[in-house]
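Structure 1 and structure 2 below are the same protein chain in two forms, each given by itself as structure tokens.
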Structure 1
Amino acid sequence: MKIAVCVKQVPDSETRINLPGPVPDLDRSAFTLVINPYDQFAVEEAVRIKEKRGAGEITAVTVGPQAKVREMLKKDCLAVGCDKAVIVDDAALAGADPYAVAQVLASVLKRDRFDLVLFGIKAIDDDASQVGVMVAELLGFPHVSYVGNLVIDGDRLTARREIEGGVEVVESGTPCVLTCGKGLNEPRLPSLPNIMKAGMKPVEVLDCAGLGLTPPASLTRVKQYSPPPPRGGCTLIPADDPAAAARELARRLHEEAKLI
């Protein structure tokens, strides 16, 4: 099986953003960049599929500045079992929206014949949850989004995805796009020797011209970032007597907040 995994570099989940007021753009210079946590589930799933079948090849693909993404590809993709990597680095793609990124990824993925293309369910910076499904459409592949459990039998796959009030069981053949969520697996950590060896694996760097692609235009643009609306502050209910505190809280939720 030939598998591609699309990974994005994002600010660490600990990142604090404290805006004093509305700003035209964020200052990202101090962000610590890591692999998108959901993409780790995608990478791990690809590696498990290859291990189970005893054969296959895994290509990690990212769109981002090579100076920043190289280390992530080495440590979080190549050192844990991906075979090679592709970087699309093009200044024209700075700030590209999910649809533009999807078009770039699709043009990379069209150069080869992949059986499975894996994504994270969403990137934790733009929280868009769009790129994987858009790439499926652009490739003409079926997709299953928000996969929490996957069984592959030959070239048939059965994926389970959570919906409101239950689980949807979806069956598909290959090729197929899957977007991977937590619950799918427990990503492994790279070992030091494997990180060393990963440095030897091939990494291809391309720009849009190299793909024969005009940099796609973004159809959405952020014109302003602003802080979340301020919260009102906390009314502390004295808790010397826990039962009385509980009754007082219930009373306030009923009479003041009118929530029960």
Structure 2
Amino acid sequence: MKIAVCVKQVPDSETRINLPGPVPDLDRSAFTLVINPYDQFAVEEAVRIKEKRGAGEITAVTVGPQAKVREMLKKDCLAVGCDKAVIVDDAALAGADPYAVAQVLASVLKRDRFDLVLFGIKAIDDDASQVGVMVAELLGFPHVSYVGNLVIDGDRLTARREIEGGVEVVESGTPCVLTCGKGLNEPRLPSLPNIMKAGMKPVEVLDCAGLGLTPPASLTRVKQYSPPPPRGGCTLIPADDPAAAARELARRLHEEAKLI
């Protein structure tokens, strides 16, 4: 089985953003960049599928400047079981929106004809949760989103996903696109020997021209980043009489805050 795992490099969730006021773009120079945490579940699931079947090939695919993403691919993909990687590095894709990225990824995936394509459910930088399902539509593949459990038997798969009030069970053939959620597995950590060996695995770097693709234009753009509004002050209600305090709290929540 040929498996592709599409991954993204994002700012670490603990990165502090200096945003004193509204700005057209963020200063990313001091950001600590890591693999998107949800993509780690996709990588781990791909490796487990290969290990269980005893054969197969896993390709990690990403879009971004190779100078920045290469180390991420080495440590978080190749060192934990992926066999090779593809980087699409094209200056024309800087700031590309989800649909533009999906078109580029779909071109790579069409070229190499994969049986299974895995994504994380979303990237933690924009929370768009769009690229995986867009790629599925562009490829004409069936897709299952927010997968929390996966069983593959031959060329058939059974995916379970949590929905409001229960669990939905979806069966599909391959090729198929899945977006993987937290709880699907426990991602492994790379060992130092495997990180060293990962440097010997093939990494293909190409641009849009190499894919025979005109760089797709973004249909959306972020106009402004703004800090959240300051939090309001706290009002204390005297509690000498707890029952009266409770009534006053309920009144304010209903008449002033409009919360109840």
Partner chain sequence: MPNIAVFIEQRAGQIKQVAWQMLSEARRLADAQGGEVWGVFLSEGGEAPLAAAGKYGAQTVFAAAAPQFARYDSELWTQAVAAFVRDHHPDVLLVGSTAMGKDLAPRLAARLGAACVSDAVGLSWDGGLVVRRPVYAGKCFADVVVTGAVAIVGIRPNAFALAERPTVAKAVTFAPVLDGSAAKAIVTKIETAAAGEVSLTEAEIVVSGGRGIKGPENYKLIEDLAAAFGAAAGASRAVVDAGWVAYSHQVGQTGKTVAPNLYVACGISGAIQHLAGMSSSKCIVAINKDANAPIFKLADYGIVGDLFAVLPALAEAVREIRRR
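Numbers follow structure 1, counted from its first residue as 1. Superpose the two forms; the largest set of C-alphas matching within 1.5 Å is the rigid core. Bear in mind the structure is a predicted one, so any value in this text is a computation, not a measurement.
One chain, two forms displayed separately, with the form predicted alone being the second of them, structure 2. The listed options are Gly165, Gly54, Asp153, Pro230, and the one placed at a hinge of the rigid-part motion between the two structures is Pro230. Rigid-body analysis on C-alpha atoms gives a rotation of 29° for the smaller part relative to the larger between the two structures. Aligning the rigid core leaves the CA of Ile237 displaced by 8.2 Å between the two structures.
After superposition on the rigid core, the Cα atom of Arg252 is displaced by 7.3 Å between the two structures.
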